[in-house]
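One chain is shown next in structure tokens, namely the form predicted alone.
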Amino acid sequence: MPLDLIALQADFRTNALAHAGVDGAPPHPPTPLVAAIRADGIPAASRLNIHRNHYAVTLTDALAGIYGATRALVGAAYFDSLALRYARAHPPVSPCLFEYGAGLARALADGPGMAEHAYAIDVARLEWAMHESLHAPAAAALTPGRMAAVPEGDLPNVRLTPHPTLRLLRAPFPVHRLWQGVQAGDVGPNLLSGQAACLALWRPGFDVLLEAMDAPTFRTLTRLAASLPLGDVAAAAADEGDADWSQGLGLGLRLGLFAE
């Protein structure tokens, strides 16, 4: 009987994603898959377990590389265990490994004992935003001079395009200070105190930069990044009671947060 390649691939995937038993032993691979493998001195189940372990190590290492500060905060053992469960439950849907891991912050939020450590979830959100910005395509930034050339009567209808590397993030505490503290090896309770963080992340060159701002400026940048007409941005700022929405526009232009 000829081999059913599609069925074998499905069995191979099932085996790679299967969790170990309560005793830590690898799962029993599907019988048709075992039967289709030439042992050649190494049992088929052992060969399959090599691939299963390689899958787990590759993805957990990739997640640890992205979420280094998060791993430091929750502990290596906890993070690696959660990352392994995540890898088994959420296999990649793209061949590009750098695209993997977007949902880890959500998985962390559902993890045992995390209700009292919400700060780690926000650090994970920050690290993914930085990771996305790092790998986003480069583009020329819109300059203040280019905006100044727009006729005044046309300005209310102008829509800006966010720079491909721009990411906007808000957290209930200064999450960027905590992230920086982890990098410096200096983490203390004082890093969790302070105002909510309103952050812009972007990559003007090779490195991702981070800018903290006040809430009105953040609201303006969020509307501008959504490509709302400038007239609508101004009206929304007036409704919110934001004193000068143009400060957000000016900041975005100076930093290069919009695409040419």
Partner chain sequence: MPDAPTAPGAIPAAAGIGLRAPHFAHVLATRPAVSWFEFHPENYLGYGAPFLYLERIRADYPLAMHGVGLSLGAADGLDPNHLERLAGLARRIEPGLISEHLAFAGSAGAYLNDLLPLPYTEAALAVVVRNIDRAQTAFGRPILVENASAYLTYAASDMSEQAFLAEACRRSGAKALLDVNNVYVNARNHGFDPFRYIDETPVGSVGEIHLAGHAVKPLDGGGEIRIDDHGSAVDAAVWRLFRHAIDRFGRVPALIEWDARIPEFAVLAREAATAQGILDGARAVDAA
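Positions refer to the first chain, counted from 1. Everything numeric in this text was worked out from a predicted model, so none of it was measured.
Omitted from view is the form predicted in complex with its partner chain, to which the following refers.
Considering its partner chain in the predicted bound form, the lone stretch of 219-227, 36-44, 192-200, 63-71 in range is 36-44 [heavy atom distance within 4.5 Å]. Between its partner chain and the residues 148, 115, 96, 77, the one pair within 4.5 Å by heavy atoms in the predicted bound form involves 96. Only one of 85, 135, 170, 159 comes within 4.5 Å of its partner chain in the predicted bound form through a heavy atom, and that residue is 135. Its partner chain in the predicted bound form is approached by residue 91, whose closest heavy atom lies within 4.5 angstroms of it.
Of the heavy atoms in residue 233, none are within 4.5 Å of its partner chain in the predicted bound form. The closest non-hydrogen atom of residue 59 lies within 4.5 Å of its partner chain in the predicted bound form.
Though the partner is left out of this view, residue 246 does not reach within 4.5 Å of its partner chain in the predicted bound form, counting heavy atoms only. Annotation: in the predicted bound form, residues 128, 177 and 187 none come within 4.5 Å of its partner chain through any heavy atom.
The partner is not shown here, but in the predicted bound form the stretch 50-73 reaches within 4.5 angstroms of its partner chain through a heavy atom at 50, 51, 54, 55, 58, 59.
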